[in-house]
Each structure stands twice: as C-alpha cells, then as structure tokens.
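Quick setup: one chain, the form predicted alone, written in structure tokens, and binding and motion questions come after.
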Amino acid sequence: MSDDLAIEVRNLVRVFESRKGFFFGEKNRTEALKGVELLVGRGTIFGLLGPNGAGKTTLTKILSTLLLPTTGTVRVLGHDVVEEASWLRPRIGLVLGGERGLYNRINARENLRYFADLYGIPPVERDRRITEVLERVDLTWAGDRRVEEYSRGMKQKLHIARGILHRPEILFLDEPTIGLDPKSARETRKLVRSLVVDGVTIFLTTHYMFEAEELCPQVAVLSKGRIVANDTIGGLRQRVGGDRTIEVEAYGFEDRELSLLRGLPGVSHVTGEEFGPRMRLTLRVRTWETTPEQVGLLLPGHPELSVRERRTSLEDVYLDLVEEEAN
C-alpha cells in the first residue's frame, strides 16, 4: 500500500446470512458488497454516495473495524482491518450521529470523560483535551448542560467532538448533517473542512448532493453493492454527458421531436419526466455547439414552451449513474 493512501479496498465482498421459515430451516443469503474496489488518498475529504440499501453503512463499518469482510482485502492507514484492528482503532474516529451513542442524563464534559477513558487518554491530558474539542465544536458554553437538553444540532457537534477527542488520523462521518437545520448543517460542514487542514482524512457518506459537491474533491457512487463511479465532480459530469444541461418544458412532445433533439450536436442523451399535464425533457450536452435558442427553434408548435440552460449538478450525475445501474 502506498504511503499516499489512507484506504485501499480490493475485491471486497460482504455477505449476510439469516434463517427464516418454519423452524428457521430456510437460509437467506444477502450480498451487501460485491467486489468493491476503492482507493482514497490521505489528507482529503472523500465522499461516498448511494441510495438506501446500497451498502454505504456496511462499507463504513468494515473500514472502521466494526464489521468483518467476508472476502477481499481492506487496508486503512496501511494496516489490515482484520489482522491489525487493535493497532487501527485508536487511530480511527467514527461519527454515526443520530440520537444514539451519547448519554443523555449526564453533561457533555462527563460524556467526553467517559469516552476519553475508553480511548486511553491519560488523565493528566484528558480535561485539557476535552476543553479543546468543546471549543473546536463551539460547545464550551454548554459543556456543563445535560445532553438531554441539547438540540439535534448540538448533539451532532458533540458526536464530532467525541470522534476527534483522541486525535484520529482518519475520521468516518456517516451522514453528519442529516436532519439538521441549515445553520447547524453549515457549521458542521465548516468544522469538517477545518479538520482536513489539521491533516485528518475524512471519509464522508451523505445523501445531500450539494454537500458532497461543496466538500469533496472526489466522490464514489455505490449502487447495489458495487462502485459504479469514482472520480472528481468534473470527471463524473463528463461521464454522464458534460457540464451543460438544457431543460425543455411543454404540454407533451412527439416522438419526431425527441429524435430531432437527440440528433443535435453534442447531445449525449435525452430523458423525460412528467409534471402533471406538462413534460420536462432534460438534455445532457457535451459541447457548446447546441444552444437553448436552437432547441427552441426545433419545437415551433409549443406556444408555452420553456427552455433554460444550467450547469449539470452532482444530483444530475448521481441520478443518471444510479438509473444506468438499475437498467
């Protein structure tokens, strides 16, 4: 494994087996991860995207030594997650978020003291480190309040404080802003960026496309247990048809018109979606040869035609890749 890599995954398979039926005689086998290959560099924020049930949490748990792989090789910080888990655990931070993982009836400092003892932080350093992380996540003012009095955003900050308490080299964040109000989510993203400045590698799973686009220089898309794409945002845009998207809305389109649009220079593909009585066509455009004005000229029989151009978003890319995998 190269010293530049924080994560190296080769042909990772994870199978879950369960029993059902009368007297549990029928064995059920679910392949959650199917030959995953993944490389993540050090000192960056790497984004993992995917629909529910794609295997994101399973992959995160394997990378953080909470779950064993069925087959394949997984190395984090140059060390095998199975054979060298005891070496890795003190160097890994994991933030699953939500309401679990904190003790509501005690205050934030007491929570952090408990986890500091679990991490093996020496008592002489413990309180100083707790003060540092509370300040880092802007919770110093609430450090002596019971966690049950915290808002969801405050709890999420405390989760992150717990995750960085022992100064990990790599931090796994599983949907860190889910359910947060816009202000709390923005503060969390700012905190994540500041951790990278300190040299921490961040492995981020999220459902929020704009969040991944804002934070992650590189993202992978996991669908049905497989990595279907792994590239920069710009590289992914080119993969699905380019930076430009032209949207056309009207009260229905004829097959002949769709054929004309597909034949325009630089148009990689055209998809349609119904909005009540109206239909929206989405054109992915690779070049600058085709303009919205040209598109409008091909559709003269639509008096209430709407044509607009925008940049292809990561959400567009994600939906195209997941749809492509489904087909």
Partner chain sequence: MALATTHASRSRATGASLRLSILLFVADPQWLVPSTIAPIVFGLVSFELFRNAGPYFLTYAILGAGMMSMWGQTLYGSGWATGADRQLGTLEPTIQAPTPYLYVVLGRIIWNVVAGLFGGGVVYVVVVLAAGGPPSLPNPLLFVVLFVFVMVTLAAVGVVFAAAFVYSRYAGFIQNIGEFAFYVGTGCMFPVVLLPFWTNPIALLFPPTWALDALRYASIPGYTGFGWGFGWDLLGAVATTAVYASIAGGVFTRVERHVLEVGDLSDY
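Residue numbers count along the first chain shown, from 1. Remember, predicted model here, so these are calculated numbers, not experimental data.
There is another form of the same protein, the form predicted in complex with the partner chain; it is not shown, and what comes next is about it.
Each of Leu66, Tyr103 and Asp117 comes within 4.5 Å of the partner chain in the predicted bound form, counting any heavy atom. In the predicted bound form, the partner chain lies within 4.5 Å of some heavy atom of Glu110. Although the partner is absent here, Arg162 is a contact residue: one of its heavy atoms lies within 4.5 angstroms of the partner chain in the predicted bound form. Taking the partner from elsewhere, His166 is found to have a heavy atom lying within 4.5 Å of the partner chain in the predicted bound form. Under a 4.5 angstroms non-hydrogen atom cutoff, the partner chain in the predicted bound form lacks Asp181 among its neighbouring residues. The partner is absent here; in the predicted bound form, the one residue of Pro90, Gly78, Gly72, Gly153 having a heavy atom within 4.5 Å of the partner chain is Pro90.
Taking a 4.5 Å heavy atom cutoff to the partner chain in the predicted bound form, the contact residue among Arg146, His207, Arg193, Lys224 is Arg146. Listed stretches are 251 to 259, 227 to 235, 211 to 219, 119 to 127; the contact stretch with the partner chain in the predicted bound form is 119 to 127, by a heavy atom cutoff of 4.5 Å.
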